[in-house]
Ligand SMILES: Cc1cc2nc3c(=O)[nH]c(=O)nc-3n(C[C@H](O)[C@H](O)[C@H](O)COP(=O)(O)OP(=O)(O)OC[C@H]3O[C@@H](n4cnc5c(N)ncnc54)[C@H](O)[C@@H]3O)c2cc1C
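Single chain ahead, by itself, as structure tokens, in the form predicted on its own.
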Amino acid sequence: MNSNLNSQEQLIRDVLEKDRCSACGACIGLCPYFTFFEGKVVALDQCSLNVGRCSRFCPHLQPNASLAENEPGRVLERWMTRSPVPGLRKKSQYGGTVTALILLALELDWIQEAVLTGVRQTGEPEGRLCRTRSEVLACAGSKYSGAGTLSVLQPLPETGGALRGVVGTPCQITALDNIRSYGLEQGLFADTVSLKIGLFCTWSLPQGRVRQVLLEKGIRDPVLKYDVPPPPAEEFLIRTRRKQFSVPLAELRSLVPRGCQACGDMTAEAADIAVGSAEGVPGWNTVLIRTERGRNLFREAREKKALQVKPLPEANWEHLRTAVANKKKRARTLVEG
């Protein structure tokens, strides 16, 4: 770190100006100087603090542990799952696994709030604190664009509070670990996040760029669902009430922030449970159990029949390992180059 730069200046120079920001939201809400606008973090004014939390929380300013090896991190168990409720599956991205797990954690009182990503009436994604079933269901489905979700956690609590579950992309889960580490160093009672559910992710797009793509394609109706099918599809699907549109991924890759390209974590390695699509099995999720906390919740989900479960085929696991290794190699090339 350049000793002549304060925390805000470092974050602006090394993250915002270099297009490395993935809009996780960890730096927003700490002070009046950062805000979220059209899918991007924006600095409104100069901060006078020499050492602030913003640079400590940012997942792009700390060592990238996910690049150390080509494997998908610690995995205790691996499964294919889906919700047994057809209506929940239809509302969710694939099998509805994430929504089912969050609803179960709230029902068991393992958490009292869930930090999720919803969508405003204008179509822009946003972070939300959800406490009820209807609030959770309103956030179902992937958004594929940065939403500043973690901003709803701020300001960092210095006393005890409601236990929270967070659903986030790999960079958001990494930022949560940064927040926890900072809290422990400073002697703060800040670790109110008791459940981390990570989403498989290869990239996200700033909402302003997503809107531009929609307008260029003549898409003006509200979007009901986005999807990126597993390879070899190579397409970005956009579904409205009247029609489904397909955009070649080749047209979007130049819009992906550099921070996503340099990220080697595709499967949320710091999560308790990581969830993605099940390759070649429509309507099902791939689930990686990473911690004992995640294993305990998953066990409850099976016992209470909140999820339908079957083994992840070995071919799917090998394809996932290959995809993870390839992303890490590309990220290393970009970081080291």
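A residue's number is simply how far along the shown sequence it sits, counting from 1. Computed from a prediction, not measured in an experiment: that's the story for all the values here.
Absent from the display: the form predicted in complex with the named molecule. The rest refers to it.
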- Item | the named molecule in the model of the complex: contacting segment from 167-175, 209-217, 72-80, 239-247, heavy atom within 4.5 Å | 167-175
- Identify, from the list L195, A140, L252, V152, the residue with a heavy atom within 4.5 Å of the named molecule in the model of the complex. A140
- Message: Please determine whether T202 contacts the named molecule in the model of the complex, using a 4.5 Å cut-off between heavy atoms.
- Response: yes
- Would V275 show up as a contact with the named molecule in the model of the complex if we use heavy atoms at 4.5 Å? yes
- Task: Can you work out whether the named molecule is within 4.5 angstroms of a heavy atom in all three of N6, G29 and C47 in the model of the complex?
- Result: no
- Message: Only counting heavy atoms and a 4.5 Å limit, does any residue of 107-128 reach the named molecule in the model of the complex, and if so which ones?
- Response: L116, T117
